[in-house]
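Heads up, the chain below is alone and in the form predicted alone; it's given as structure tokens.
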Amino acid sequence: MKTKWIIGIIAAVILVIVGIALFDRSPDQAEAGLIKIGVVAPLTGDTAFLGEGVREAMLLAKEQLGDTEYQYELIFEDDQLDPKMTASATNKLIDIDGVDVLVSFSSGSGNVVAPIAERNEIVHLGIASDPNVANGFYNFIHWTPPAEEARVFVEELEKRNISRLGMIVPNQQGAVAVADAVKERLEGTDIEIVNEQTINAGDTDFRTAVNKAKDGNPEIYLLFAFTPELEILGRQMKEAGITTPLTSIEAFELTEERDLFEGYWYVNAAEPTNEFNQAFNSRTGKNQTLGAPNAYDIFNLVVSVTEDEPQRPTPKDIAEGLKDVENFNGALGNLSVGENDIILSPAAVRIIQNGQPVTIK
């Protein structure tokens, strides 16, 4: 009986040791040549077309890879731009999938992902306007900075001799960051904000804000909003009899109903190269969407710094590599990482013509 008892103990110890070997291996041991990139984006809901653009662009970048030292896996999670879904998707990618890199879309999502990534020491690249998304060692932004968009926007106002500006701004981190940059840029100019209205995401009745927006007789209205609020706002302004021109920074590319803004100029983030546009169209049969070239660049930037490592890099290695990026040839031109871990790119002036965005300069 005693012998059987001893044998049982030995067997249990062996099982524990085997279990540790099988299930408690480090990522370097288990997947020595695999880099996992987790992407949180709106793949269903009103903004699904934007998330789909991000997904298609990253898959395009992966397909274009030649021979590489390491293997790269993309894992996509849907958040519908809902903060609760963003947090759940991010934790799943870290805890279950064991990703090395996280990618998020929008300032709202980026502000959810950034502290989680920093706490878990996972590299995070946000396609976002709000500079707070880049706070911390592991967080980066690939988006044209609000200050650059504001500079180009104010220069265009001056060129068109516009001196009275109305603004309608939602309570959303990215929109507020860009609006604040515009206000700062207007200091010392002859352009005055004669009216500013705040709206809330999720609302469907903006008629009070629209009626108040007429005060001060603006020469142009600057709109910030995501779909579907943007389309609702555009319709309700028309219903109110407003014929004053509309403009935006980015917003006109956040909708598929661009006919609402036909003929209006606006400022957008950096213009992608013709090569990227053609490759994206060839793959999808569609024009690129806002954020798609950024996603394409993010994948290639991660690959670039990873391939420079003689052995499988840790997230810390990848973060350090990204901080040193200079003159990277991307879909959005020549890219470098600034001192605030924001990948710098120039803004462009565009116009909606025949329902499509067309670059003016």
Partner chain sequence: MDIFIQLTLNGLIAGSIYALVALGFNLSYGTMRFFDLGYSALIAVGGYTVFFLSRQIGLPLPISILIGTIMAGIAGYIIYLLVYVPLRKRKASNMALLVASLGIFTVIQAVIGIFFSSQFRTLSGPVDAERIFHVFGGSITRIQVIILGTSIVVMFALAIIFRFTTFGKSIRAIGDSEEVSKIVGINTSRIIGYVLFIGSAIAGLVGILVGFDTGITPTMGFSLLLKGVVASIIGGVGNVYGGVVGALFLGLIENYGIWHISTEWKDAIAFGLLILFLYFRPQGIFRK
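We call the rigid core whatever largest set of C-alpha positions still superposes within 1.5 Å between the two forms. In this text the structure is predicted, and so the values were computed from the model without any measurement. Residue numbers count along the first chain shown, from 1.
Another form exists, predicted together with the partner chain; not displayed. Remarks below refer to it.
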| item | value |
| --- | --- |
| All of N171, N200 and R235 within 4.5 Å of the partner chain in the predicted bound form, heavy atom check | yes |
| Contacting member of M167, L290, A147, A209, with respect to the partner chain in the predicted bound form [4.5 Å, heavy atom] | A209 |
| Position in contact with the partner chain when the complex is considered in the predicted bound form, options N217, T243, N274, T204, heavy atoms within 4.5 Å | T204 |
| Non-hydrogen atom contact G98 with the partner chain in the predicted bound form at 4.5 angstroms | no |
| Touches the partner chain in the predicted bound form: I191 (any heavy atom, 4.5 Å) | no |
| Interface membership of I162, the partner chain in the predicted bound form, 4.5 Å heavy atom rule | no |
| Non-hydrogen atom contact A279 with the partner chain in the predicted bound form at 4.5 angstroms | no |
| Proximity to the partner chain in the predicted bound form (heavy atom, within 4.5 Å), stretch among 265-273, 245-253, 192-200, 151-159 | 192-200 |
| Neighbours of the partner chain in the predicted bound form among 255-293 [non-hydrogen atom within 4.5 angstroms] | E257, D259, L260, K286 |
| CA of D97, rigid core aligned, shift of 2 Å or more between this form and the one not shown | no |
| N195: Cα shift of 2 Å or greater between this form and the one not shown (core-aligned) | yes |
| Distance trend in the predicted bound form - C-alpha atoms of I199 and A89, change of 3 Å or more | farther |
| Direction of C-alpha distance change in the predicted bound form, L254 to F105 (at least 3 Å) | farther |
